[in-house]
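We begin with a single chain expressed as structure tokens, specifically the form predicted alone.
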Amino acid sequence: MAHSHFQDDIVYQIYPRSFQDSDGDGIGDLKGIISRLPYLKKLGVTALWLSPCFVSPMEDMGYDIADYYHIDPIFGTNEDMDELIYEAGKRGMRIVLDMVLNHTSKEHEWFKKGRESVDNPYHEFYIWSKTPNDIQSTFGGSAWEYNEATQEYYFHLYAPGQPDLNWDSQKMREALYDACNYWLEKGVYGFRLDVIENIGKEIDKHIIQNGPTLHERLHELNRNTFGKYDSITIGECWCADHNTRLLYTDPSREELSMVFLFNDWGAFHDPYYGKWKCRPFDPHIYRDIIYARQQTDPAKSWDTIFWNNHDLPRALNRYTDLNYRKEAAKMLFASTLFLRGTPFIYQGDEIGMVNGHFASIKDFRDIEAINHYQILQNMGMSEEEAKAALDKTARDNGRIPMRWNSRKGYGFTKGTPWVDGGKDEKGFSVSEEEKDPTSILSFYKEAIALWKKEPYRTLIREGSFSPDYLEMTDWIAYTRMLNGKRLRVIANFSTNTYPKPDIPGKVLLHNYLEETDQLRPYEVYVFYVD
């Protein structure tokens, strides 16, 4: 069966600000990433996805792009990016860029010109209204901002500094295609497409996600850009589910390779406070959402497998008991690694990184968290409760510096980190874990090597999926089968202990030091039955 290159990828997401600082200014940069390529090669990943590093005023940490063609000086130069693409390629890794095609920064030349006059050719690149409606910005407040020069309002679904692009303008679309092709020509492997489900919006009808022109636009984007290359594309889709994602991923539709879904994360949000206050985690609700994705038509769907990214607090805090941090970190990875899809590792997953510690509200850096400190109080929380909510849920938790060692600056910087997030216990850093054969990092390396190895590789990519032990609501358990060969995964997603089922076959992976007849808290087994 023919398959696409991306089906054999393991992608590592880098948040460039927080990965490695090479010049002591407290902000990670491209030279820092280049210096860590040997580490990433040893880990075994095949592609590196970088959160945006284009020129930006950084109102939303780079998701407000002011120039699609140049790297922001805080991260380095275009030559540094060329070097990163080349040096990664030499080691068998490819670079995936984060592309924001829904909006730009208000500092982008297109917007600066377009806002001067309704007759300016760039005016049509954005969304304007004389009589704005009541749509609210995701970051709080109205989604409309007044523009004196044209006596109109422009639309911004996110921060006021992030005006939305008008995808009904063919000239605008062509300008974006040119930008994408510029980087593809330079050897970039593909793109993660930020909030891409918004590009078919119909503002007058209050339709933001999944608008009527969305899939037509994506198909056109594909045919004009990455569809001409051996590429990988991942759409960020907060509103898709296991069925609607097929519209994006069915290869015959020529849209995207895969999409990120968040319905597993959203299943535990509070009905009133949303993601800022979560209901208790329930493994079987999570499990059923993941299983539904695995059981859709394999010819039309390819999944993304991930626990963390730059927009989420750490999964170890959210889903597990940190008294079992080492076991749980290994279990999270192994329990889902053998599903059908492309695994994504977010920086620090492989050493068991957890949420930061923010002493006061002044320690947060993310516009969304800072705005919501007040919004949550307006909704009825006290100051203490609002701060406690941010401690658990803010995006800054996933953005604290990578823990290369346990010393001051974490081996991330010789200067003062742009965001700190406080101390972490000893034991959970790269330098410590590299020396320990039982560490989370050692386990990740072993699991990735196994995932890449035949006969397991073909079985994971092409095998059927069937859930096991559905009556055990604390477990994730499933079988992957191909030509009579089977991989079986059993993971205990709780602090309870259970009798271990008797499964014949060879143990490929296990996260405790010794085997017993019990399935202990967060214990995971991967068996191979020939």
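The structure presented is a predicted model; accordingly, all values stated were derived computationally and were not measured. For every residue, the number given is its place in the sequence shown, counted from 1.
Below, we turn to the form predicted together with ligand NOJ, even though it does not appear here.
- When ligand NOJ is considered in the predicted bound form, F139 lines it closely, a heavy atom lying within 4.5 Å.
- Contact between D60 and ligand NOJ in the predicted bound form is found at the 4.5 Å heavy atom cutoff.
- Residue contact with ligand NOJ in the predicted bound form: A369 places no heavy atom within 4.5 Å of it.
- With a 4.5 Å cutoff on heavy atoms, V195 counts as touching ligand NOJ in the predicted bound form.
- Scanning F333, W302, Y158, Y189 against ligand NOJ in the predicted bound form with a 4.5 Å heavy atom cut-off leaves one residue, Y158.
- The listed set K275, H310, H242, R94 contains one residue whose heavy atoms approach ligand NOJ in the predicted bound form to within 4.5 Å, identified as H310.
- Partner contact region in the predicted bound form: 310 to 318, out of 176 to 184, 215 to 223, 353 to 361, 310 to 318, criterion any non-hydrogen atom within 4.5 Å of ligand NOJ.
- Using a 4.5 Å cut-off on any heavy atom, the one residue of 230 to 257 that reaches ligand NOJ in the predicted bound form is E236.
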